[in-house]
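Starting off, we have a lone chain in the form predicted on its own, written out as structure tokens.
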């Protein structure tokens, strides 16, 4: 049960943004720009970064919902998501994406953990300023989202089918302020 009076039965951040739409709208707008807007990183890669950071933060709701979205976007390669969560360094993703995930993991700990050599390693593998920027901002944003969801004890479903439906909705409709659960 959530710590505040949010719409009953509405999971995760959806209930929180319905509770306070004036703050929820900018959060959803930011998610839409970061995860669905123009970027040299694919939507699947950006969802994977969000998933990875949420996994590191032990935020079950965000990790599960964004993993479901990433699986939809990776389509035939949906096992990539679970491989990254199991062992990112041995997952079947590009070395460039591994360095970006490494940077995201450092942001999850503390922004100052990202060192010049981390950025240089990403650059050597072809990452450009925009990819590095977007990785850091997605990681930082999801640290905030994770803490928002868990700090107010939002409803976290246990049925994987519910997350599959969320992932499909997020990939098809993007991030729009909900009016109902």
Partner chain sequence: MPHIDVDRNLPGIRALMAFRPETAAPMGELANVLLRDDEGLSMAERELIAAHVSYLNDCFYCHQSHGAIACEYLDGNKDLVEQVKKDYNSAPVSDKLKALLSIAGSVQKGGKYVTPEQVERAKTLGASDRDVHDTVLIAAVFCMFNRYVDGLAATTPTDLSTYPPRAKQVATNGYGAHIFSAKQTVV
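Treat the numbers as computed from the prediction; the structure is a model and nothing was measured. Positions refer to the first chain, counted from 1.
Here the subject shifts to the form predicted in complex with its partner chain, a form of this protein not shown in this document.
With a cut-off of 4.5 Å between heavy atoms, is residue 34 one of the residues that contacts its partner chain in the predicted bound form? Yes, contact at 4.5 Å.
With a cut-off of 4.5 Å between heavy atoms, is residue 158 one of the residues that contacts its partner chain in the predicted bound form? The answer is no: residue 158 has no heavy atom within 4.5 Å of its partner chain.
Residue 134 within 4.5 Å of its partner chain in the predicted bound form, heavy atoms: Yes, residue 134 lies within 4.5 Å of its partner chain in the predicted bound form.
Would residue 152 show up as a contact with its partner chain in the predicted bound form if we use heavy atoms at 4.5 Å? Output for residue 152 is yes: heavy atoms within 4.5 Å of its partner chain.
Within 4.5 Å of its partner chain in the predicted bound form - does that hold for a heavy atom of every one of 72, 77 and 171? Negative, none of the three is within 4.5 Å.
From first to last in sequence, which residues of 96 to 112 have any non-hydrogen atom within 4.5 angstroms of its partner chain in the predicted bound form? Residues within 4.5 Å: 107, 108, 109, 110, 111, 112.
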